[in-house]
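Single chain ahead, by itself, as structure tokens, in the form predicted on its own.
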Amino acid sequence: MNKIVLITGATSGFGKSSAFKFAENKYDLIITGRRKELLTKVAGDIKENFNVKVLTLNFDVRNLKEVENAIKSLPAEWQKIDVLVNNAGLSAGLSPFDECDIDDWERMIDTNVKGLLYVTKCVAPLMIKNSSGHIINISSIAGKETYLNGNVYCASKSAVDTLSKAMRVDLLKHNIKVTNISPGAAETEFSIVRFHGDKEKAGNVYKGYTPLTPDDVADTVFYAASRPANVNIAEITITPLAQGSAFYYNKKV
């Protein structure tokens, strides 16, 4: 019987690449996302390429009722979740603190912090029932170092970092592993979302160096998930070679 992984935000970026990586390694998948058409396409592509089962759950992690209803709807055979990848997250805006849009703040906090909490709160009881499981939280190097105009995004990812430590301590008695993964600069939809759809501005972020790819991060996620039962990878920070910190780059421009 295949192990089961639940991945949030699986319609693109790290989530999508992680879904393919786990499928390649014979995991059955529960993939979630807000964009139903993309979610259906990802599921179809995985089924076409790998001999695994895929269940899609179309909901917004920011909506507690939607999260609760989705997890409660899981058929019995899908309730033994071995790995939860809390990937859904975003950045909105890049402005000085005094010029920020409060709607952007709320969107980031609701997705990056509250969404992660909602999903984990609903999935953790299933892992506790089985006395095993692994929660992998996708944070960011921005959660470890604050950079200019990063303010609330950095704060939200710092919260993920801290929550990962708290989960690790509180769930230890239930034999549940917790891993915090902090990627640096990676070329996904991240900057397009941050700049509210401005693709030109987003593209400039990655000029002069080679950023991480979603597959780079997916490889790291699966590495953490595939360690022996007695090994827990507590934290991983992964950056492109050209990135020395959250704000220092060696760009060839």
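The model shown is predicted, which means the values in this text are computed figures rather than measured ones. In this text, residue numbers run from 1 along the sequence as written.
The protein also exists as the form predicted in complex with a small molecule; that form is not presented, and the subsequent description refers to it.
In short, of 182 to 190, 23 to 31, 47 to 55, 219 to 227 it is 182 to 190 that has heavy atoms within 4.5 Å of the small molecule in the predicted bound form. A residue is said to contact a partner when one of its heavy atoms sits within 4.5 Å of a partner heavy atom; residue 19 fails this definition for the small molecule in the predicted bound form, lying far away. In the predicted bound form, none of the heavy atoms of residue 201 sits within 4.5 Å of a heavy atom of the small molecule. In the predicted bound form, residue 83 stays away from the small molecule, with no heavy atom inside 4.5 Å.
Although the partner is absent here, residue 164 is not a contact residue: none of its heavy atoms lies within 4.5 angstroms of the small molecule in the predicted bound form.
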